[in-house]
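This document opens with one chain alone, in structure tokens, the form predicted alone.
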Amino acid sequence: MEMNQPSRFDAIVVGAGPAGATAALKLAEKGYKVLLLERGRGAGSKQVFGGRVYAELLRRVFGDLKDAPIHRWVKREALMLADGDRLVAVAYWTANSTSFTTYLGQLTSWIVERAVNAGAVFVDEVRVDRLLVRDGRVVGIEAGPDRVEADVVIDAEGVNRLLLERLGLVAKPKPAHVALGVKEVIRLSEKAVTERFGLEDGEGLAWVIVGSVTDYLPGGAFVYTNKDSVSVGLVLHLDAAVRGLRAHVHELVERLRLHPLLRRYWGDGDVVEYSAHLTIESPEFIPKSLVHDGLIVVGDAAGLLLSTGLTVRGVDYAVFSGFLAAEAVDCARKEGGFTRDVLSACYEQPLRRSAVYRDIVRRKRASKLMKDERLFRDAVRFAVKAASTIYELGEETPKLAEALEEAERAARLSKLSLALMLIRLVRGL
């Protein structure tokens, strides 16, 4: 496709996701001549995520979010342990909220529209084939027959880092570093979502479910309430899925949608979207360097995603990295050039000093813990069996100690192994 654009810009941003769109917006607001390229049709068309965004970093970058495409503010959380047709849930309710649900395409389009209004040039349906390199420095991009040059390129291509791989800056992802996410969006009326989940107008909820929903493999399921739909899906650690998955992942999603205790919430709704993508599951996905001569790496391409098993943060980290990249371009121009050393001082070092990066790195233990299959199988079976013994009563009422002992036998767990697992869990999370 002919881009029919000028052959040179101050900056080229590859990928119109949250990171790339934010970088383009902030650069355009500073008066830079910016080209924002997107492989899909329209902003956000190639993006998949669960459905929840944490708001604090977005407020720092965009302001009060009053016109952002927010569906519902999450005020109810639950962690559920599933063993077949039994569930144990730990719930948290609050009158306040630090996160909201949305469709990522809508959020990204909102950012891109602001970028275009600020002067950025946005071109979709363009596949960037490679980064142009001259004398060891990135000087632009090549897309089919088109070559466009710039002082700096911002790589926001996402988890599939083909451009960085071709340049030799990163290796192909290892199965241990990524997971497969699959999601269905089930359409309901706004009233039905509100009433069935027991919500107030504008309230939302987020559920995390582990155990039998993933055949007891590392990973978990999620449920998010949107304005007039429900996002239902699961994430499977790729290495564990390759070793142990017995059913096709689509069957697991359908099993979740039709779960006898959950389908009452959305069973009569229409599935209007099915999507899947790779997501980051390890801090080891972060490249050794986030800059190169003439190049800045942001968002998922930079490995900026945090999954603790209880919460997942990625969109707000992507927005933050796009903002830092725009600040770094301004800094580098003032410091005399877009060399690796200058970009490191202006972008990589501030990012690595930030709370975002520190949180990802200090959760390395949690990342390893989330690969322990005993946690998703034995610990879940223990908790569910203990609960069923306590609550499903016949003539006798067992003591708590008796219920726990029966759960130990059912889960084939000793007191010592259970205690060690709990200690690791608390320390890791």
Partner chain sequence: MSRREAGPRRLRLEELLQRNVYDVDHRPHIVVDTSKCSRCDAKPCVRLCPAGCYTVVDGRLVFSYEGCLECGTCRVVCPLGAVKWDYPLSGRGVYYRFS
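Since the structure is predicted, the reported quantities are computational estimates derived from the model, not experimental observations. Positions refer to the first chain, counted from 1.
This protein has a second form, the form predicted together with the partner chain, left out of what is shown; the following refers to that one.
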| item | value |
| --- | --- |
| Interface stretch in the predicted complex with the partner chain - options 247-255, 290-298, 309-317, 338-346, non-hydrogen atom within 4.5 Å | 247-255 |
| Partner proximity in the predicted complex: Arg353 to the partner chain, non-hydrogen atom cutoff 4.5 Å | no |
| Partner proximity in the predicted complex: Arg114 to the partner chain, non-hydrogen atom cutoff 4.5 Å | no |
| Contact flag, Val48 vs the partner chain in the predicted complex, heavy atom cut 4.5 Å | yes |
| Contact of Lys172 with the partner chain in the predicted complex (heavy atom, 4.5 Å) | yes |
| Complete contact of Arg166, Arg187 and Val242 with the partner chain in the predicted complex (any heavy atom, 4.5 Å) | yes |
| Listed residue that, although the partner chain is not shown, lies within 4.5 Å of it in the predicted complex (heavy atoms), from Arg263, Lys227, Arg86, Arg333 | Arg263 |
| Residue (of Asp359, Glu77, Glu125, Glu284) lying close to the partner chain in the predicted complex, criterion heavy atoms within 4.5 Å | Glu125 |
| Sequence-ordered residues of 264-288 touching the partner chain in the predicted complex, heavy atom within 4.5 Å | Gly267, Asp270, Val271, Val272, Glu273, Tyr274, Ser275, Ala276, His277, Leu278 |
